[in-house]
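A single chain, nothing else alongside it, follows as structure tokens in the form predicted on its own.
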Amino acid sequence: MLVIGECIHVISAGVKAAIGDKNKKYLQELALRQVEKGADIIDLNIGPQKKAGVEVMTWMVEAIQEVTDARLSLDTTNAAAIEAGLKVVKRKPIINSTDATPARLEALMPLAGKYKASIIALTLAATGLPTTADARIQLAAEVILPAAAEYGVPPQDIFLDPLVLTVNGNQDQAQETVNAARFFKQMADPPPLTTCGLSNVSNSCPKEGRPLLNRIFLVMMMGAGIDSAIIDPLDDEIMAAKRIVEGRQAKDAVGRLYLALADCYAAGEQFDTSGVDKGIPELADIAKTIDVLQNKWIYAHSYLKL
């Protein structure tokens, strides 16, 4: 699974200040730290940047390429800024992102075709996000992939994103997201790639509980066969979980539980936590988190204490 490092994001106070001050050293060091921790691709999220987008994206792409040859994901709603970055990027880039709305498809899919770039495509329509896996699949099949074909973007350059929602208030959507990601792989030959903004699953949850939610959801998504995920590679525990699932080597009970969970999702099934040794606090917390994400245990900020 490819790791798209999410740490260069304008929402971060440090990144925002570095962009404003043109402090490329700060961003370069952040990019290198992510690569050293296992990021394959670096996401450069500059936000809307309506006025200075072209300048900012060009400067940032050139700055990061001075210190690493990692692939870059160009992340902004400003199409002109995306194209500016595409003009100076050295390795095959990713456009992050389009969706199934006519305005976004018409603005960004032609750029993917023109510059031979990969592109992330959210299964989001003008009417909003479909609430079922089937509806997400239909949107991808009937809108996104035909638009890609029209502009000469092959399926293997499309990263379909089922759009992860927070478990806090959208608890049933975790499983719909997993199911959509699994079936996206069956839509074409060769199949499209898949990705997701994984940490969205824990948005608005208490800070101390977010890493566990993210980690367990990653294992589920990896079991379902996702090709990449936008995650924080500086989170050592989530990267360790990724390595366990990919390497099929578990040194302890936690690792064995990760592998069992991934195998269950690879088989298209839900995981039965009744056999987990809940006398071990860490395993009990993982079991509760699995049940929350499977919509079997009602989410509350204090769910681990119940």
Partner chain sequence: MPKVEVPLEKWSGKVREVTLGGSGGRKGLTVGGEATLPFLSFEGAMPHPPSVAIEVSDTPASEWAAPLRQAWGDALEDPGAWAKKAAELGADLIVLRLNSAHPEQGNTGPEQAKAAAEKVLAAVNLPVVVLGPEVPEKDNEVLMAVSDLAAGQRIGLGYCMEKNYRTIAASCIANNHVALAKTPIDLNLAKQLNILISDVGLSADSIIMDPTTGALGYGLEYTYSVMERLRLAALVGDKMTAMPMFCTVGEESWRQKESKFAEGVPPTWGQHDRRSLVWEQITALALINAGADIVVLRHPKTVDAVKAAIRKLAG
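Remember, predicted model here, so these are calculated numbers, not experimental data. Positions refer to the first chain, counted from 1.
One more form of this protein should be noted, the form predicted in complex with its partner chain, which is absent from this view; the next part is about it.
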Among 168, 228, 173, 78, just one has a heavy atom within 4.5 Å of its partner chain in the model of the complex, namely 168
Please check if residue 17 has a heavy atom lying within 4.5 Å of any heavy atom of its partner chain in the model of the complex. no
Is residue 13 close to its partner chain in the model of the complex, meaning a heavy atom pair under 4.5 Å apart or at it? no
Can you pick the stretch from 5-13, 293-301, 20-28, 278-286 whose heavy atoms fall within 4.5 Å of its partner chain in the model of the complex? 293-301
